[in-house]
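The same protein chain appears twice below, in two forms, each given on its own as structure tokens and labelled structure 1 and structure 2.
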Structure 1
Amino acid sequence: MTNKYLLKAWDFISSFQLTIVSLALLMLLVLFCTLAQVPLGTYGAVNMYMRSFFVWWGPEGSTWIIPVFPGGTLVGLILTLNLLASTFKRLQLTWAKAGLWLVHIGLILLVSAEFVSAALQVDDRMAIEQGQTVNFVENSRSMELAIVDVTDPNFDDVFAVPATLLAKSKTIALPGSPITLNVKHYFPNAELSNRGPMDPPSIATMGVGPSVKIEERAITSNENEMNATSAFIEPVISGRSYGVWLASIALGAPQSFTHEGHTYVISIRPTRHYLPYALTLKKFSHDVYAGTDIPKNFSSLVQISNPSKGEARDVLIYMNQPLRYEGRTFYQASFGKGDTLSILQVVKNPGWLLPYISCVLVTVGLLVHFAIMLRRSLKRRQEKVS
């Protein structure tokens, strides 16, 4: 009886009908994801429909949600298992089926590439002004609290705490520094405004915090909006409190305190990843079509400086021509400040080659299969003639 059910399950998993249903569901998910990009943005729509096991829904304003549709991760996983099962069930391991084996392996690799990208791809950005040298990239969807010792004019000593840790811990010791942080309150997203005479007093006692009113807001996933991550923190050194400070990505002015001749700047900023090399923007160009404001091309002439390799060379990054360097790809994404600021999208994706390999395998597989079929057809025709 057990074997009977196992055989039925195997037939179902390897069935062509499951392949068709999975592909149809993926087509619907692509449609839903495309339409959802208007209210949610690309990042939010992709996470909701393509990089989840289920698409969840709940009435507006309610606290409960229910799964209403299979997500891209679940459908992709089912399709991968289906392709594997059907390959081993239907295809014999012979030269005559070599082309079909390559096609199936290519399709499996193509679906698997999305899982690799979802798990390992990191999207950052680098904002660099003309004449400026930058050796870090930032992730605008992830925030950190930075305590920076700026005492040395030639070197900044940075102590960073991920915002997720601020949400979990009330007391955080900064390794390598004498500072312990007491987290009084954490806001994943908030709205800041000037404090009015009728507003209750702030828990902040230092910096601009006492004059700022803060109200918590729902987290946004829209790529055109940034969560105003904020926190009330109290730096403590050797039992001495340096007051309660309001740190927020929405505050532009730096805030600092001094301890034994060391000046520490407090801020919340996008998470930074420091690089073993630096880019200097030598020139930014913004070309438009004659008589219009429509962008024709924008490009950044940068110099790569990598002391560990003794490398210093110029590279031009422009539309559809990124820079691939040390496992990261730098795309020309945007610009600002009167064409003196270049914004590069920086992507780190260990699986970026998988879709290309997949396409090559599918193409070669189809050519091999057609060649085998053509040879077989010609052989049969010759046999009939003879």
Structure 2
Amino acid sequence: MTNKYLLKAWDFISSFQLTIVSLALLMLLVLFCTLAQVPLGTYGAVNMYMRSFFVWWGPEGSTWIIPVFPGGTLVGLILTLNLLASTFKRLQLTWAKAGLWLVHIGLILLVSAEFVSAALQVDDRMAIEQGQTVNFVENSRSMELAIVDVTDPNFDDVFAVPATLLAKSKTIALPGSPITLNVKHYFPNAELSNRGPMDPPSIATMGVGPSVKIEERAITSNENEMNATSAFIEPVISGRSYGVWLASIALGAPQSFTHEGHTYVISIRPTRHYLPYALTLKKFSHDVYAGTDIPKNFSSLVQISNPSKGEARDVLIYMNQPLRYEGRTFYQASFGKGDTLSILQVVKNPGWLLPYISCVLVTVGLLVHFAIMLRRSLKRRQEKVS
């Protein structure tokens, strides 16, 4: 009895019908995802339709949501299963089917590459001004609250708390430092403006906070907008409060307090990852075509210095020519400040080579298969003629 059901399930999993339905579902998802990019931005739309098991929907203004459509992850998984099952079930191990074998293995690789990058890819950026040396990358999608001990001019002691932790906890002890933080209020996104005389008083007591009016805003996932993450925090050291401060990514000027000769700077900033090496921007170049403002090229001449490897060398990063170093890839992404600031996109994706391999496999596979088919059809035509 169970055997019969298993067989049925196996038939279903390996059926052509499932392939076609999944491909059609994938097509619809791609269509929805494309259209949704206008209001949601690419990142938001991809998370909603592609990198999810289900597409969720709820009426505007209510809190409950229901799954209304399979998401990209689910369809991708089903398609992979179907691909594996039908490959084993239908494809005989013969030379005539060699092309199809290559195609299907290549496709499995391609889908797994997308899963790998969905799970493991990290996108950061690095902004360097000419002459500056930078040893960290920043992630503008996640924020952190940083308390930096700047007492020693030679190095900074950084104590950082991910912004998501501020949302969850009321008090946070910073390991390695005497400071405990009381989180009075956390804003994932907010709008800051000058506090007028009629506005209610701020809960901040120190720094610029008391003169700032802050209003909570909905989180945005649009690439062109940034969440102005902000928080009211109160640093406490062995029972003594240093006042309530407003920290925000939208505030430019540094704010600091002093405890027993140590100066601590408070800020909210994009999450930083420190690298075991540093990049120095020697020169940024940007040309336009004569008499136009069409960009002709951008390039950054940087020096990598990696003391642990005794490495110090110059590299030119330009369009279509990234630097691949220690598992990270540095791309020329943007520039600013009158051509003295270069912005590099920094990507860490352990699966970056998979699509290359898959591309070769599928191409060769399709060529082989269609060549075999063409030969067969030509033979048939010849037989008919003779």
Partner chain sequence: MKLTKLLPWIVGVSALVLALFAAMPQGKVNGFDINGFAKMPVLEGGRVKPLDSVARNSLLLIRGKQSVRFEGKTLSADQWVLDLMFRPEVADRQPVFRIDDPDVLGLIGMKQTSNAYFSFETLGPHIDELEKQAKAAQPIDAKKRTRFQSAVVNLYERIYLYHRLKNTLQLAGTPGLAVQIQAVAVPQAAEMHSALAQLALFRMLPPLAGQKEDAWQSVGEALEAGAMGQPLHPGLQPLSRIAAAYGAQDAAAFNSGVTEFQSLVSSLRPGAMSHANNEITFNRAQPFYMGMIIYVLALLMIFVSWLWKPDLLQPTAFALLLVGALVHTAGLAFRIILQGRPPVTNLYSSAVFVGWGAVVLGIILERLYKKGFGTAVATAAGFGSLIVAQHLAEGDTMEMMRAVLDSNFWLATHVVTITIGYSGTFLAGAIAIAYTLWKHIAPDPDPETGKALVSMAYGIICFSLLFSFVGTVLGGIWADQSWGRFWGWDPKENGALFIVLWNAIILHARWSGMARDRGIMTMAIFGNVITSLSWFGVNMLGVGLHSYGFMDSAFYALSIFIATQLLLMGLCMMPRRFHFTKPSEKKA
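From a predicted model like this one, the values you see are computed outputs, not experimental measurements. Sequence positions of structure 1, starting at 1, serve as the residue numbers. C-alpha atoms forming the largest set that superposes within 1.5 Å between two forms make up the rigid core.
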Have a look at both and say which one is the form predicted on its own.
1
2 Å or more on the CA of residue 264 between the two structures, with the rigid core superposed, yes or no?
no
Core superposition between the two structures, C-alpha change of residue 122 at least 2 Å
no
2 Å or more on the CA of residue 207 between the two structures, with the rigid core superposed, yes or no?
no
Rigid core superposed, I'd like the Cα shift of residue 372 between the two structures in Å.
7.4
Taking the rigid core as the frame, how far in Å does the Cα of residue 98 move between the two structures?
4.0
